[in-house]
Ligand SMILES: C[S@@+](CC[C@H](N)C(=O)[O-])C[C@H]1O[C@@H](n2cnc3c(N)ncnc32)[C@H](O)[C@@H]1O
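Here's a solo chain for you in structure tokens, the form predicted on its own.
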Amino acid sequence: MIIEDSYNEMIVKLSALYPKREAENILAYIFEDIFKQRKPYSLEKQFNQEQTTLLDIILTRLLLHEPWQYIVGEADFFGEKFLVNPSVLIPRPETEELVFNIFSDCKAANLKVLDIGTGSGCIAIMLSKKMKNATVHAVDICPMALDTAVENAERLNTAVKFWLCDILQARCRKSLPVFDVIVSNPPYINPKEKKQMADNVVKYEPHNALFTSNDDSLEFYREILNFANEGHLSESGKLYLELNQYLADETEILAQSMGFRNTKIIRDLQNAPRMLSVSKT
């Protein structure tokens, strides 16, 4: 089949699931990443039989709502390509903003940094690349996620210290040292909200990275703030949290009630309250 015809046929089918612009972006990435074809596509150039079969498989997976990042096995984050699979969340643009705010804010050298719930390692790895001589640690509850993060760190030539750790467990928390910067994009979705979520998220992305263990949407925020208060955040240190935008005020009030004096909600490029920075002083 001629490449342009294949593209147009897939656009029609995918537009039943996604807005047309999003469908076009998905296919542009797939055609370039897998087939090394960039627009404008030649009217004469054709896919061979092997490529046509692969394209059919990809389309079937896309029509089942599988995220295209899992299909190609990579996602862009801060200009780098990160390996992704169903054991890790797909990096989001708002998380890039979180990382940007941290390394823009924390200019000192030799800071000790912790990323809680690292997943693919995207936050920890980019902070290691961007912060001067920082020592970066990262924890996750999932061994497969840590394997992915370790591979990403190796591919991107960064030295991050990864720990298998459940931050909700006191035994794990006690094993971690003191940090100057703590960051987390924790699970914050109430399990009751699953029915309202898009299939490409709820059917494929890891639930332990999305949902709290009970109906308390502030569960992980509370425990991370407790962890910082237990002596794991230095006196001059700062804690950064990616927020459930609908619970931004509640999260800030929680931090203030736990003794954090300097709190700031940061809005993303869409003007949504998506980040919270707190410190003791």
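Residues carry their position along the shown sequence, with the first being 1. Remember, predicted model here, so these are calculated numbers, not experimental data.
FYI, the form predicted in complex with this ligand isn't displayed, but the following is about it.
- Item | Of Asp166, Glu80, Glu97, Asp147, the one that lies within 4.5 Å of this ligand in the predicted complex (heavy atoms) | None of the others qualify; the residue that does is Asp166.
- Query: Which residue, Leu176, Val72, Cys142, Val202, has a heavy atom that falls within 4.5 Å of this ligand in the predicted complex?
  - Reply: Looking at Leu176, Val72, Cys142, Val202 one by one, just Cys142 meets the 4.5 Å heavy-atom criterion.
- Message: Only one of 191-199, 151-159, 114-122, 128-136 has heavy atoms within 4.5 Å of this ligand in the predicted complex; I'd like to know which.
- Response: Flagged stretch: 114-122.
- Task: Report yes if any heavy atom of Pro186 sits within 4.5 Å of a heavy atom of this ligand in the predicted complex; otherwise report no.
- Result: Contact with this ligand, yes.
- Query: Looking at the partner-bound form in the predicted complex, is Leu89 within 4.5 Å of this ligand by any heavy atom?
  - Reply: Yes, Leu89 lies within 4.5 Å of this ligand in the predicted complex.
- Message: Whether Phe220 contacts this ligand in the predicted complex should be assessed with a 4.5 Å heavy atom distance threshold; does it?
- Response: Yes, Phe220 lies within 4.5 Å of this ligand in the predicted complex.
- Query: So, in the predicted complex, is Asn85 in contact with this ligand at a 4.5 angstroms heavy atom limit?
  - Reply: Result no; Asn85 lies far from this ligand in the predicted complex.
- Heavy atom within 4.5 Å of this ligand in the predicted complex - qualifying residues of 199-235: Sequence-ordered list: Asn208, Ala209, Phe220.
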